[in-house]
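Quick setup: one chain, the form predicted on its own, written in structure tokens, and binding and motion questions come after.
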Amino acid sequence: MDARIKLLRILAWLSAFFVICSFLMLIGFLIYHGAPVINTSLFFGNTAPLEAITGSRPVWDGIWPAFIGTLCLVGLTMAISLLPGIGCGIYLARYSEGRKKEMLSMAVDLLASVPSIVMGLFGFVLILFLRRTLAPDATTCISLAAFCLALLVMPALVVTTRSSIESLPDSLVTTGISLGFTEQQMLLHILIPAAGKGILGGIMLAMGRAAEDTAVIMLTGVVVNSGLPAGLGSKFEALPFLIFYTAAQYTDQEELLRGFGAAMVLLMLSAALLYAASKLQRTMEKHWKGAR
């Protein structure tokens, strides 16, 4: 038995070492190639930064439109998916029972298993259907891409919300009932704040997936050199597609390094979102513990 425990411990250490080394190699590779090119020229090219930020002049050789397009896409995706995703998770954890719960859980699992390219094809076919029926002028755009991404990331919100609430101790519910809380008050003031860390983890997973996915947006509205998003029905640029396009179509070393710089910026954006979520989670925990 001791030999088996030692073997398992060695395998665990080797697995952890492999994960850490892989992570460090990936980050080091991106930093080595991408960090030297991160400057105002990478973002704005030959356009003056103020003119590029205000949109008074287009940016043709910088990643600023793709950066803003990614932020708009992630924000719109989360605006569409947050309420139904978290709401469905709460419903499964607190209210759904029996056959209905099994069927809804299976539907969430099936939605989670849909490949991103299939979701992109769904969005493309949806536009074709709308053109032939309700909206002859319908076209691919940022709102369609956000809707398809919302369907793609919603299962993560549902599962993390459900598991976070179901893992809470029964004493919290008992305490709420003994204090005379209604079900709504118990959810708002006890259960959701207590499960906030897990829910925010699901939100981060969803935001990361929305920020990095390429297959969906390729078929639902992303276009190279389309400029800043002009509205919900407009084409847009995004960092993942810019990186993919640059890797496939680059013509010189400078353009390839710009792709590495875009990858570095996307990584930094994901890290910034993670840091903001962790700060928000700690603030929520302090507020909740202080309220108690």
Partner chain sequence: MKDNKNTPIWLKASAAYVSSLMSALFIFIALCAVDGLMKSGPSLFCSVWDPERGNFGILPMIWASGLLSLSSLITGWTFSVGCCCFIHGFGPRWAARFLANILRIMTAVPTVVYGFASVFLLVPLIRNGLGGSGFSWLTASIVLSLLIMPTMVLSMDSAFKTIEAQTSITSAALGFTREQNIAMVVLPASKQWIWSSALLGFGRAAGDTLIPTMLAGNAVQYANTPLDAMRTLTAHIGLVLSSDVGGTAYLSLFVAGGILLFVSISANILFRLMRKKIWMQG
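Residue numbers count along the first chain shown, from 1. The term rigid core refers to the most C-alpha atoms you can superpose between the two forms while keeping them within 1.5 Å. Keep in mind the model is a prediction, meaning the values are calculated, not measured.
Just so it is clear, the following notes concern the form predicted in complex with its partner chain, a form of the same protein that is not shown.
Shown alone here, I142 lies farther than 4.5 Å from its partner chain in the predicted bound form, counting heavy atoms only. Remark: A35 does not count among the residues lining its partner chain in the predicted bound form, judged by a heavy atom distance of 4.5 Å or less. Remark: M106 counts among the residues lining its partner chain in the predicted bound form, judged by a heavy atom distance of 4.5 Å or less. Residue contact check for G208: one or more of its heavy atoms lie within 4.5 Å of its partner chain in the predicted bound form. In sequence order, P240, I243, F244, A247, L256, F260, A263, L266, L267 are the residues of 240 to 267 having a heavy atom within 4.5 Å of its partner chain in the predicted bound form; the partner itself is omitted from this view.
Relative to the superposed core, L24 shifts its CA atom by less than 2 Å between this form and the one not shown. After superposition on the rigid core, the Cα of N46 moves by less than 2 Å between this form and the one not shown.
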